[in-house]
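In C-alpha cells, one chain follows: the form predicted on its own.
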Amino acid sequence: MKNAVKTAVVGLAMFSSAMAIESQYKDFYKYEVLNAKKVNVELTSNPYAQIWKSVPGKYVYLYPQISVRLNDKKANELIAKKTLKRALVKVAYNNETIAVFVQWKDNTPSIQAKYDTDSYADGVSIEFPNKFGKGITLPYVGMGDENHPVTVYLQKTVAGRDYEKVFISEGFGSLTEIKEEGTSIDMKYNKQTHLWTAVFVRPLKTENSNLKAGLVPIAFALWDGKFAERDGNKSLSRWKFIRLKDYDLDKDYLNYVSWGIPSKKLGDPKRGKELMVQNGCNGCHRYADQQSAPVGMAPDLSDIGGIANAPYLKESIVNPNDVIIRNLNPNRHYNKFANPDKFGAYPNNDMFTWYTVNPDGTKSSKMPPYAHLSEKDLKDIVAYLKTLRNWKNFK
C-alpha cells in the first residue's frame, strides 16, 4: 500500500512539474510548437490517408524571402504583389517514423513544363537541422549554413516526372542531393477546394539527423509558380518546433529557443529602431524606411521579423561569426575601378561579399560583433527587428 501511495505521489509530482513547464512557456507553445500525435500504424505519404482526420493541426505563416536580390527583374517586381501565405501543418509519428502533413490554398496551380525554362512549378519543402539541442545554435533558416547544415526535403510539380528530392544544405548554392532510405514524399491538388496537400515521411533517425528528441526544429518553404518563384525566391517560415512527448524535453534547450517570445513583451521597438541607427546598422542593411545602404551589401531586413526567431536575431548581433550566410550570386558586383584581367573582365567588388576568408579557409562575417550592448539594448533591438514583416519595402 505504501509503495502504491509513493508511486502515486511521484507520478503526481512529475505531472505537476510538466504542467508547470507548459504554463511557464505557454506563449512559446501557443505560437511556435507543433504537437505531434503518437500513432501505432504505419505512416505513408498519401495526403488523403484516413489518419490525418484524427491528427490535430496548427497554421504556420510563411513570408517572401527577400534576404537577397535575384538576377531576375520580373520576379523582383512581383515581390510587392505577394501575400502572406498560411499552411496547415500536422505531425504524426510512431516508434520509427515521422510524417509531416502540409496543406495550403492556391487558386492558380502551376506545373513546370518538362522542357520550358519560362514556366515555374509550385512546390513545398521542409527542413531539419542535422544537429540540434543544448549548446547548438539555430541554423540560418534559409537552407542552413556551413557551421549548421540542414537536411531539406523537397517536392515540386514538374510535368512528366516525380520531382522528389532530399538534400544536405549549408546555405545558398550548396545543395547536395542524397538518397535517404525510408523517405517518401507525395503532393496532390484538389480542384474543388483549391488546396495543395503534401506529406513528408522519413525515419526518426537517419545517417544525418536524429529526431528522437522532445523538441525538434522544423522549417517550411513554399514556391508559387505564378510569381516565377524558384530556388531562393520563395515563401519561408521561421523555425518551428515539433513536440514529441515520447522523448525527454531538454529544459536548457527549451529556455534557449523560447527566448524573446512573445516579442511584444520583450522590449521597446521604438528604442530598438533608434539603437540600430545609432549603431550604424542602416549603413549596410536596408529595412523599413532605412533604404540608403547599397543594394546587396548585406541581407535585406525588410521581412526579417517573419522568418527569423528571436534567439537567432540576438546571436546574429552578439556573435555574427557563428552563422554566416552565403551570398547568392556574388559575381553580380564588379569593381570597375580596378584593372581588368587579360580577357577584359573586372574583378568582383569585395564590398558586396558578406564575409572574409581566413588563411585556414574558415569564414568571418564582415559584420562586427556588438557584444558591448546591454541586455536591455539587445531586447529592444530584437523587439524592433521582430516588427519588420513587410516585404513590400523591398526595392
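Please read these numbers as outputs of a predicted model, since none were measured by experiment. Position 1 is the first residue in the sequence shown; the rest follow in order.
This next part talks about the form predicted together with a small molecule, which is not shown.
Judged by heavy atoms within 4.5 Å of the small molecule in the predicted bound form, the contact stretch among the candidates 190-198, 94-102, 304-312, 215-223 is 304-312. Looking at the small molecule in the predicted bound form, residues 138, 262 and 387 place no heavy atom within 4.5 Å of it.
Among 125, 157, 237, 316, the residue placing a heavy atom within 4.5 Å of the small molecule in the predicted bound form is 316. Residue-level contacts in the predicted bound form: of 129, 171, 267, 299, one residue has a heavy atom within 4.5 Å of the small molecule, and it is 299. In the predicted bound form, no heavy atom of residue 182 sits within 4.5 Å of the small molecule. Within this chain, residue 203 is remote from the site of the small molecule in the predicted bound form, having no heavy atom within 4.5 Å. The small molecule is not drawn, but in the predicted bound form it has no heavy atom within 4.5 Å of residue 79. Proximity of residue 61 to the small molecule in the predicted bound form: non-hydrogen atoms within 4.5 Å are absent; the residue sits far from the partner.
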